[in-house]
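Next up: just one chain, as structure tokens, the form predicted on its own.
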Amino acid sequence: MKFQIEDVTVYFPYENIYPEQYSYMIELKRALDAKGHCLLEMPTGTGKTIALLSLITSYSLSKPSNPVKLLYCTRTVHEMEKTLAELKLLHNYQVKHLGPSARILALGLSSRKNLCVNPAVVSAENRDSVDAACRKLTASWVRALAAEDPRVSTCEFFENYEKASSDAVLPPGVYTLQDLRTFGKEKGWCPYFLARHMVQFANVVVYSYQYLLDPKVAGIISKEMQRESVVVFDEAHNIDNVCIEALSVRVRSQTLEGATRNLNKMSQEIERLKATDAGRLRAEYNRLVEGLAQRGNLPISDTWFANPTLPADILKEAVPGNIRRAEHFLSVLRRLVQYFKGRLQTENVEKEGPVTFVASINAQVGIDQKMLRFCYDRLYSLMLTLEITDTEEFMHIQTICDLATLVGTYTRGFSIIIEPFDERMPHIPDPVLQLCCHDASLAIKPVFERFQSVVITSGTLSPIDLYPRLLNFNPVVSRSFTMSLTRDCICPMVLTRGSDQLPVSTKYDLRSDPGVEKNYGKLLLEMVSVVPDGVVCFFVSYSYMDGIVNSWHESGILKEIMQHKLVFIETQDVVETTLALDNYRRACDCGRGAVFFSVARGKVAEGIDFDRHYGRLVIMFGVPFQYTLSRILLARLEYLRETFQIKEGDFLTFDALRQAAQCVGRVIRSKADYGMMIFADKRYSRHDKRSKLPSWILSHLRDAHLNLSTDMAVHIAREFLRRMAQPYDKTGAMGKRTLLSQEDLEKMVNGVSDMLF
């Protein structure tokens, strides 16, 4: 269908549209017109992705003289593929209506591991090894050697891509990662470098958050993007954590040992160069005198991670004199590694700010702030001069320089925390030095400044007013949408006590109470005997899940549950969990029914959908607070209180409830779906906790369902399931329209204009 929103003709590839998709598009267009940023919360399963893509591509088509580019950021490769599949459908629809003029170029960009087609390279086990194997075949000096000596191996796909030079382009169309690999194999070109090259010409780019938020990656991939771009962060409820991780560094004793090995290898290389090719070291020295900006344009295959900090003014300065000579720089790094080794030998927890840390480095090993600030770029320059291709092996020294540069650049928003052991296992010494970023706005600030519109959207952004404070920006539109439903297909309940009227909670003092464990077990047992198909349970942590499953096993409750349904458990091993999920789905498909035990904040809670019969009930055992004694968390809470006036309790509750909402939101993935949500903890009955859940869950939470015991919950579940089994009208009778056709929209628009005049 196609319809007008003010001056834009929107092409939408389905026959009908949900009312909330239409309102979502109107709000999104307001933000684009104002060239500002927006926060939009839209329930899961209401077609958020297609609404975003339709409006932004149609908006671009309506302004051919000044089209906007769309940078769509997802969290996982799976989500990236889903987004590109939707876009393909939309693109075909637009081309059918508008002809060839609507053709666009859209592609997904991922790491070499997901795009490489060279069998010798892609067979390596992890991402870093694939990157290193690729560099060994494509670095400019390796190719120069190969030109003289045919025995040196290179990558035929990269060679063909280079030969094609300006002819190596992607024709218009929408390319998933699989399409790029297929195209690369057909042409014999390298899909990874082709995609990297085409990103600057594409109308739509779908890639991971890190490509914009992690300055080391964004400096290479995203620096070419024009200002007239719309950036979308999808499923962005955890965006503050992604920003913080991008600027945090950990150093363990293994890192320091590895760094020492790297330094020894580099000094051998320097000695070798002095004897064979001293001119190369001299040329590097001269280049550093002029400043780092004079690096010139490097070949694409030599680019490495960019500087982890953001200010561009560093590049205009010359590198400090005492680290220009390669051997001097290595001796500075040696002293720095030695200093870190000394700091790790502490027996107490130490915490300090960047300023005192830098002063202590200067006092003890004579390295000042300016030298620290240039460490990363100086290392990069040296690795190019020494022609080092095995970047994986040199990860350790990169980490050290990464930390040095961040500490030398930022004076606030960070702390250095040194812990001699993990406090959950105090008898095992495992010292770690952590540079923790507390200010999420540091990593995302350049994105807000550079691009005209940034859209932050997810199914759980409540309370929506906290995000502008955490990320330090002013949205022009900030809105939360509810779900229009023809029947009440969501049934949330708050369970506060067991059948014996004892309160249930995972509060620390009640957590290991045998009465609470028994009541939780009885609740699950009663529910599996009533609810058909799949039941998903979320626990607050792995250790709590292990403990409670153990006690259920000993008391025989688990055996009784197994008589009704099979039980599958998420573990910290990805392969085991994937296998458990596959078998869980098979058990649901064949009618045997199954229960899946999972953990809030785990892999399953974030990205796996339990739609239709795979999830008819989800039980959240407890409130998933973070480990509140963690020193990193305490330092961050203190920073938030002092800088943004966010109280500790408010932030912790907000964080726990966005995780709980994320977990229970897994069961509803479309409007034809139905499911029950049980919040099993007496703390959910308190208004200050409950009010932080998203409005689309709260609007279905009746007062009668707020303070239930197990037997009342079972009664409500029976009633609800009986009601859901009745046939119903999907388009929405009784004046509740949940599917709008083109005529309905035209009537609405005309009705509005009639009311106006």
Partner chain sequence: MSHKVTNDEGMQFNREEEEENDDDGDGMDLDAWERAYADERSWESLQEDESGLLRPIDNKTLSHAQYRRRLRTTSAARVQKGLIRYLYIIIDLSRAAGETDYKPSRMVVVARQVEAFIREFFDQNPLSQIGLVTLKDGVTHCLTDLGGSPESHIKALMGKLECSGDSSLQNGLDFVQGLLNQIPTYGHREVLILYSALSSCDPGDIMETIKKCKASKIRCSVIGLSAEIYICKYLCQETGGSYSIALDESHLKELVLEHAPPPPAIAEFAIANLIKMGFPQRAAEGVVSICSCHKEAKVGAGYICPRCKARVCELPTECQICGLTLVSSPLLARSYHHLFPITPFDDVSPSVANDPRKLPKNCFGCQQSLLNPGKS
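Everything numeric here is computed off the predicted structure, so don't read it as measured data. Positions refer to the first chain, counted from 1.
Omitted here: the form predicted in complex with its partner chain. The next part is about that form.
The shortest heavy atom separation between A600 and its partner chain in the model of the complex exceeds 4.5 Å. Proximity of E186 to its partner chain in the model of the complex falls outside the 4.5 Å heavy atom cutoff. Among heavy atoms of G515, none comes within 4.5 Å of its partner chain in the model of the complex. Among heavy atoms of L652, none comes within 4.5 Å of its partner chain in the model of the complex. Partner contacts here mean any heavy atom within 4.5 Å of its partner chain in the model of the complex, and among 29 to 37, 720 to 728, 52 to 60, 684 to 692 they occur only in 720 to 728. Contact with its partner chain in the model of the complex, judged by any heavy atom within 4.5 Å, is made by just one of D277, D488, E224, D465: D488. Of the residues P446, P532, P320, G547, just one reaches its partner chain in the model of the complex with a heavy atom at 4.5 Å or closer; this is P532.
Contacts of stretch 680 to 716 with its partner chain in the model of the complex, defined by any heavy atom lying within 4.5 Å, are made by R702 alone.
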